[in-house]
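The chain below stands alone and is given as structure tokens, in the form predicted alone.
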């Protein structure tokens, strides 16, 4: 058996896979809000942060890890787990002092993780990917290295508020004594991996690229970015290493408390997006993943680390080798739900009759589908922009409104992923809205590629489990063929004769 651990924004999950049967054996999860209400984080983060600040309590992640493993070990013995892999929400950072490793190595299995490791935190809370409070620090970092185009060339992304580098700079500026006390700055992924292995774990290339600190070409920390961020940062960051490479063996605490074998290996963890790329079976170029969630996300494997000239997309390391791109669209389900509620519809109306009675191309009725500020493109909208016949522009004709929203979302996605230079052979659709056949059909038509839906919900945990097996010497492609299977009757092919080239040009002109 191999164990994948996924520490996401709202929960911490574990998944056990068995290579002999090719099955997922067991899963267990801890929801931070429901299971650990004493942290007052109903959605996994501390509410009410000022000026865009969004933090989580790292003790919550430790308590969740113990609880998840207790639940998993109650279902099945963990003694035959050969290796552990993992993923963590990208960009979040954890700050520990020089006592951290000695505390890890002297953990008492009759106690718990959070109380024994709490004294090692040099920063009480951890900024996570939702934090947008570091605009000034981003500007300072970009100015120091010659502008955002240079930041993007070096690191794969422009300086981003949510990324780790600007969060480190803010900590150094606002609490220099706390920064001085910090012996090591971990990402969520490398922090959980360090706890599991009892030593300072490396950061992998996929997660490391989401910090605005790693040089994409060399896959090493970049001297100019480090110097622009904070002093002596070289001394405080872990080494960089490929995901799935061996860190060591599982810490004695987990052997005694949760029943692991001492020879269980621990591999380098990665970020949740690179792990999802693995778990969706899409690490090879040509396989595209579109995740339809609160925000929509497009990601795919790349052979070369070329970057988005518009500065909206991101390039990370790919656990399968090479690189991966990621582009996030804020107006995902937020916009779909807003239109649904405005028109008094339900989700079935997004399949039939709306899409059944309107043709692809929507008779020229076009919508910029933004019901609030968007990050791709980075612009403030306070409502959608409509262009078409008078009835449509007045917000009437619900079927046309539904099709225009969906076509607009996928046209915007296609427009802002053209820099990748990849023709999609197949699109793997995931997320709650992916189950809607009408939405899947629009995606297939706009991109001109077949759409498949995976039969598994937690692709990040599956990717983490596959990486655990890779740590033990297994072949990733073989594992993906075994576990990353599409759901029965999930394939949707593009409609014959439909071409959205003209609509894409019209959409780009309307966008300006």
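For clarity, a rigid core is taken as the largest C-alpha set superposing within 1.5 Å between two forms. No experiment lies behind these values; they were computed from the predicted model shown. Residue numbers count along the first chain shown, from 1.
Just so it is clear, the following notes concern the form predicted together with ligand ADP, a form of the same protein that is not shown.
- Heavy atoms of no residue among 26, 197 and 256 are located within 4.5 Å of ligand ADP in the predicted bound form.
- Ligand ADP is not shown here, but in the predicted bound form it comes within 4.5 Å of a heavy atom of residue 436.
- A residue is said to contact a partner when one of its heavy atoms sits within 4.5 Å of a partner heavy atom; residue 495 fails this definition for ligand ADP in the predicted bound form, lying far away.
- At the 4.5 Å threshold, heavy atoms of residue 431 reach ligand ADP in the predicted bound form.
- When contacts are judged by a 4.5 Å heavy atom cut-off, residue 333 counts as touching ligand ADP in the predicted bound form.
- Of the candidates 361, 399, 293, 178, 293 is the one whose heavy atoms come within 4.5 Å of ligand ADP in the predicted bound form; the others do not.
- Between ligand ADP and the residues 114, 347, 419, 381, the one pair within 4.5 Å by heavy atoms in the predicted bound form involves 347.
- Stretch-level contact check against ligand ADP in the predicted bound form with heavy atoms at 4.5 Å: of 137 to 145, 293 to 301, 262 to 270, 388 to 396, the positive one is 293 to 301.
- Along 465 to 481, a non-hydrogen atom within 4.5 Å of ligand ADP in the predicted bound form is carried by no residue at all.
- Core-superposed comparison between the shown form and the other one: CA of residue 405 displaced by 2 Å or more.
- Positional change of residue 347 between the shown form and the other one reaches 2 Å or more at the C-alpha, relative to the superposed core.
- After superposition on the rigid core, displacement of the C-alpha of residue 90 between the shown form and the other one stays below 2 Å.
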